[in-house]
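Only one chain is included here, represented as structure tokens and corresponding to the form predicted on its own.
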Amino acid sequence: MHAYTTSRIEAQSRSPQPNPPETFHPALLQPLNFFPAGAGIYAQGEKAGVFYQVEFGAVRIYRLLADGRRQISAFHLAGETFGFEGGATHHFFAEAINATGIRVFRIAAGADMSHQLLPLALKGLTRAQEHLLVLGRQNAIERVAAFLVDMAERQGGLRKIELPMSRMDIGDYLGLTIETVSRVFTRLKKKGVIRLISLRSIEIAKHDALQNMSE
């Protein structure tokens, strides 16, 4: 796990600092870990047993297919938790998309965490099911529209949203080529549905239209 731990990172974080869940013993709470862009947080096959919370930045969860292709299964933004596993090892890779601060939570010995962890697990399951529904759509515009609606909701429903991930990341998440993703963004811009403020910033000009495209 490639991380740099420093107290200065906490001062640099602009996102709200979530309070640790009561089920995680304070003595087992590690300092904030800093991961530069592209650094691995954990790898497929590594021992599981701790949980992670994004305090700033963003994380991609992915698996490498037999033919060398990458399939991204999830993105995690500030305030979101990840790393939950049904077994003793991780089934996916976790990697920082950009400069990212991660808080690690260890389970206190003998603690019954079922009540506290169930809502988090169900939320993750729901998001995974919604992702499968998006992948099942043949229309590339529907997939990209659904992705943008989801990102907007996870960033507080703002009209202007930040996309920390690259177009290639988005393609690997939606099962599309980078060329197709770029074409769809351009088409949505020409229709006046979105405005491309920069490569990673988008303003949703017509939210209802985008919502209709995603359904």
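All figures in this text were calculated on a predicted structure; none of them were measured in a lab. For every residue, the number given is its place in the sequence shown, counted from 1.
As for the form predicted together with the DNA, it is not shown, yet the points below apply to it.
Visitor: Only one of 48-56, 145-153, 159-167, 35-43 gets a heavy atom within 4.5 Å of the DNA in the predicted complex; which is it?
Guide: Residues of 159-167 come within 4.5 Å of the partner.
Visitor: Flag residue 140 as yes or no: does it have a non-hydrogen atom within 4.5 angstroms of any non-hydrogen atom of the DNA in the predicted complex?
Guide: It does: once the DNA is placed as it appears in the predicted complex, residue 140 has a heavy atom within 4.5 Å of it.
Visitor: Report yes if any heavy atom of residue 175 sits within 4.5 Å of a heavy atom of the DNA in the predicted complex; otherwise report no.
Guide: Close contact exists here: in the predicted complex, residue 175 approaches the DNA to within 4.5 Å, heavy atoms only.
Visitor: Is it the case that residue 70, even though its partner is missing from this view, gets within 4.5 Å of the DNA in the predicted complex, heavy atoms only?
Guide: Outside the cut-off, so no.
Visitor: Give a yes/no on whether residue 200 approaches the DNA to within 4.5 Å in the predicted complex, heavy atoms considered.
Guide: Residue 200: yes, in contact with the DNA in the predicted complex.
Visitor: Can all three of 180, 183 and 186 be found with a heavy atom no more than 4.5 Å from the DNA in the predicted complex?
Guide: Every residue of the candidate spot has a heavy atom within 4.5 Å of the DNA in the predicted complex.
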